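Next up: just one chain, as C-alpha cells, the form predicted on its own.
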C-alpha cells in the first residue's frame, strides 16, 4: 500500500468505529487535510444516518457540501459528538502536532468542543518524541516579529510560511528544531506569548482514540 491508501484505511477504520453511534441528531466534527478528506468522502456515503457536520476549515466545509453533507456553524449546534482529523505527528500518549494544512486554530476549537476526538493517521506519523515536524504557530500579523523572537528564545528556528493566510486572516510561523519532551508544558508556554493565536501542539486536549494504518493493518490505541 502507498501512503494515500494507508490514509484511506485509517479513515475506513474510524468510520467503522463510529457507525454504531451515528444517529439522526448527531453532529460530526471534521478536520482538514488529505487524511480528513478520505474520511469526508466515506462519511458522505452514510450521510442519511446523522444530522450534519461542523468543519474546521473552509476547504473541508466546501468538500462536505459538495458531497451532500449539511454543514453547520459551531455556535449553532448544541453538541458535537465526535471530531475526526489527521495529524502531522502522534506519540504513544496520543498527543499530536497538527497544523500542516494551516487550520490548527479551528481544528483545536472543534476538537475541544467534541465529546470524543478520533485521530486517523498512517503509521509514518508515529514518533517517540514530538518535534521533528516543524511546529505551526498561528500569529496575529502585527506580532510576527515579536512572536518569532520569543520562539528563538525557546530554542526554535522560526520560519514564516510564505504566501499563507489562515481562514482567520492570520499568519503561520513554522518552528523547526524543537524536541518536545513535555508537550503540555510547551503548549501552555507558547499560548502565553503575546500575539500568538494558537499553536499546533494538541496535548491538553489529546486524541481519545488513534487509528494508525501501516503495512500490517490498522492499529488502534
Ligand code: 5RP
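This is a predicted model, so every value here is computed, not measured. Numbering follows the first chain given and starts at 1.
If you look for the form predicted together with the ligand, you will not find it shown, but the lines that follow are about it.
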Of 41-49, 180-188, 149-157, 28-36, which is the one stretch near the ligand in the model of the complex, taking non-hydrogen atoms within 4.5 angstroms as near?
-> 28-36
Check whether residue 104 has any heavy atom within 4.5 Å of a heavy atom of the ligand in the model of the complex, and answer yes or no.
-> yes
Indicate whether residue 130 is a 4.5 Å heavy atom neighbour of the ligand in the model of the complex.
-> no
Using 4.5 Å between non-hydrogen atoms, is residue 88 touching the ligand in the model of the complex?
-> yes
Contact test in the model of the complex: residue 108 vs the ligand, heavy atoms, 4.5 Å | no
Looking in the model of the complex, the residues of 120-148 with a heavy atom no more than 4.5 Å from the ligand, listed in order, are 125
